[in-house]
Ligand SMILES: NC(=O)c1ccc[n+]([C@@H]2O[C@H](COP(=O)([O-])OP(=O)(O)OC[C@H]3O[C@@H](n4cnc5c(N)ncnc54)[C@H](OP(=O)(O)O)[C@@H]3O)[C@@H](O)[C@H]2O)c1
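In the block that follows, a single chain appears as structure tokens, in the form predicted on its own.
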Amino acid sequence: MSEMEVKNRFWVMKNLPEGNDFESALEIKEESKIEIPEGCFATKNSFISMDAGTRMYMTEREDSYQPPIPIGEKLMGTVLGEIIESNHPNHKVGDVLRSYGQWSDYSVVDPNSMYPSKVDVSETNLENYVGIYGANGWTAYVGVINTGRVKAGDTFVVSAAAGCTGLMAGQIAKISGCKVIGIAGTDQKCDLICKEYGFDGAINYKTENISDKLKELCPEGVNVYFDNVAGSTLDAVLENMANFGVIAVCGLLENYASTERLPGPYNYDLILMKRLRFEGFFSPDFYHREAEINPILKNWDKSGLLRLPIEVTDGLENLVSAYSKLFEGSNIGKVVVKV
């Protein structure tokens, strides 16, 4: 164990958020030193990734894919920073990497908690390593290619289509030869994903009936649905799945704020009637595939086939306003905080 004297601001919960009221629930604190256990290292953070799935940490549920973070303890997520002190032989001072750390100026990282990886500091926009070259990019790729098993000619539908993962999933499906339909929450987003990102159609779930619109846009049914939201949207898509289709379950945006497990889809019987494959997938299961997936994503990125807008919020003190965008639906693409 070593100790560093450093001014470190960090975010905690002072109480569990009610719904998506993060302003009342989160607060920023300060400490004058950090302790670095053996086998760990400390990073000076440059960027903090804002990810909707971290909402599950802010509940009392013990049955989610990630244990809740207790009130008063530092909130956690994916960070990108430079190692400033290390008690680990394989992670050296000066290394710039992406890892699992605290929402803070400086993070103490246990490399066993995530697959930490060095980044190419020659990359013009290092924030890409918490976006297109990070867990969101890998999730989009795996969900479309491995879980969805898309093939040319498939009809592919994705919810939260203007968000980080959904926007990339739609583009990857398009690269794979699919007809791509996105579900989003404003006319602006629907226009954007079609005109700028190559989607073949879009549905505004706030003003249009999803099921009716899918019948119009996908008359032969949906072969692959990339689900980021669950809830009523999933039920609407289930009504329009083609026989032997696939539902790749990536996120549960409609359920994240719930304090208890919610009932499953109302149209559950259609999984049997249409002989669907229903499969969940979770990014830590494929962190180790970075060396395989990132060259593919980089090739698509550099050739202009795969693009991801990044909204950067300056200042750790403004983290809550950045995080809230994920649940207000006001963001397009990736949201990050520049520390």
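In this text the structure is predicted, and so the values were computed from the model without any measurement. Counting begins at 1, following the sequence as shown.
Although it is not shown, the form predicted in complex with the ligand is what the next lines describe.
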Sole residue of Leu26, Ala42, Ala52, Leu306 within 4.5 Å of the ligand in the predicted bound form, by heavy atom: Ala52
Contacting member of Gly251, Pro116, Gly131, Gly81, with respect to the ligand in the predicted bound form [4.5 Å, heavy atom]: Gly251
4.5 Å heavy atom contact, Phe327 and the ligand in the predicted bound form: yes
Distance check, Gly163 to the ligand in the predicted bound form, heavy atom within 4.5 Å: yes
Asn294, heavy atom within 4.5 angstroms of the ligand in the predicted bound form: no
4.5 angstroms heavy atom contact with the ligand in the predicted bound form for Lys189: yes
Full three-residue contact with the ligand in the predicted bound form, heavy atom 4.5 Å, for Asn136, Phe281 and Asn331: yes
The ligand in the predicted bound form: contacting segment from 169-177, 226-234, 149-157, 95-103, heavy atom within 4.5 Å: 226-234
